[in-house]
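To begin, one chain is listed below as structure tokens, in the form predicted alone.
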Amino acid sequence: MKKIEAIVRPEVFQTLREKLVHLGINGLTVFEAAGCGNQKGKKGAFRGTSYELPLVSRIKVEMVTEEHRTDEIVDAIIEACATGEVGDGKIFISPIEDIIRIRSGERGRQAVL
């Protein structure tokens, strides 16, 4: 099993969600996040005063899937979220040692399905 975490722009989340549902991925955990990388925040002006927002709003999407589906899901994330601009986001893939459903005690693949 693999855990896929994607940090993406908020405006592409709905498109990403639709692509994942189309692939049969229904179990997601979604967080509102803020951060900075190469983008280094945003600058703006309000009533003649300049300001800088050091963090940019993002959405973090997490899912656990079978290892053989990882590339398919990563491709869907890239297709839905890539604009070609700095700040499109990142995808992190981690191995999952075990999964336990709290309600029933099921372990492994059965706990995810």
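No experiment lies behind these values; they were computed from the predicted model shown. Here the rigid core means the biggest group of C-alpha atoms that line up within 1.5 Å when the two forms are laid on top of each other. One rule holds for the numbers: they count along the sequence shown, beginning at 1.
The protein also exists as the form predicted in complex with a further copy of the same chain; that form is not presented, and the subsequent description refers to it.
Among heavy atoms of E66, none comes within 4.5 Å of a further copy of the same chain in the model of the complex.
For P95, a non-hydrogen atom is located within 4.5 Å of a further copy of the same chain in the model of the complex, even though that partner is not displayed. For the chain shown alone, G24 is not a contact residue for a further copy of the same chain in the model of the complex, no non-hydrogen atom being within 4.5 angstroms.
Contacts of stretch 57-95 with a further copy of the same chain in the model of the complex, defined by any heavy atom lying within 4.5 Å, are made by K60, E62, V64, D71, V74, I77, I78, C81, A82, G84, E85, V86, G87, D88, G89, K90, I91, F92, I93, S94, P95, listed in sequence order. Once both forms are fitted on their core, the CA shift for H22 between this form and the one not shown remains under 2 Å.
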